[in-house]
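One chain comes next, on its own, written out as C-alpha cells in the form predicted on its own.
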C-alpha cells in the first residue's frame, strides 16, 4: 500500500528549506531549484506545491511568521504568570532583535520581503502578514494598561509610543545585522526608552536579553 503523503508537512519542509537558503544567501538570490536542493526533493515537486516563486515566498514568509509568533509566546510564558506590562513590552521588542540565528533569519527575510514587494507587483499583491498592525495594537494596549495601573507616564500617547518603539526596534535590528552595533548596545537603547515611558520599575528580569 503506498505511503500516504501529508501535504502540509511537505509544504512545511519546502518552506523550511526556503528559509534556510534565504538566510544564507538572501531572499533575492533564492530560486526554486535552490530550495528543491536544500529540501532534498525534485524541482518538479516544489513546482507542484508552489507554481511560482512568488507563491513559494509568500508561503515561506507566512511559515516564518508563525514561527516568530510561537517564539514571542514562549518568551512571554517564560516571563512568568503575571510579568506586568513593562516586562511584556520588553519581551515583545527583544524577540524581534536579531540576537541569535533564528531571530537573525526572521529580521533578514522580513526586511528583504518588504523591500522586494515595493517593486514586485506579484509580491505586493499578496502581503504575507494578515494583520500588519497586530504588534502596534498589542503594544498600545499594554502601554494603556500600564498607564491605568500608574506605572507609565499618563501624559504619553500610547499609540505614538508603540509606533516609535516598533520603528526603533526594527532600525536597531538592522544596525545589528550590518555590524553597526552589538545586540547588547541595541538592548540598552530600547531599555533606555522604556525607562522613559515607565515611571515605576516593575523589576523585570534584566538578563542579557534572551534571543
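Residue numbers count along the first chain shown, from 1. For clarity, every value in this text was computed on a predicted model and none was experimentally measured.
Although not depicted, the form predicted in complex with another copy of the chain is the subject of the following passage.
Worksheet entry | Options 171 to 179, 39 to 47, 138 to 146, 56 to 64; stretch whose heavy atom lies within 4.5 Å of another copy of the chain in the model of the complex | Answer to the contact question: 171 to 179.
Discussion item. In the model of the complex, does residue 114 come within 4.5 Å of another copy of the chain, counting heavy atoms only?
Written reply: Looking in the model of the complex, residue contacts with another copy of the chain include residue 114, since a heavy atom lies within 4.5 Å.
Worksheet item: Using 4.5 Å between non-hydrogen atoms, is residue 100 touching another copy of the chain in the model of the complex?
Response: Judged by the heavy-atom cut-off of 4.5 Å, residue 100 is well away from another copy of the chain in the model of the complex.
Worksheet item: How about residue 160: is it within 4.5 Å of another copy of the chain in the model of the complex, going by heavy atoms?
Response: Residue 160 belongs to the contact set for another copy of the chain.
Worksheet item: Just to confirm, residue 71 within 4.5 Å of another copy of the chain in the model of the complex by heavy atoms?
Response: Residue-level check for residue 71: no, no contact with another copy of the chain.
Worksheet entry | Partner contacts for 8 to 36, taking another copy of the chain in the model of the complex and a 4.5 Å heavy atom cut-off | Residues within 4.5 Å: 23, 24, 25, 26, 28.
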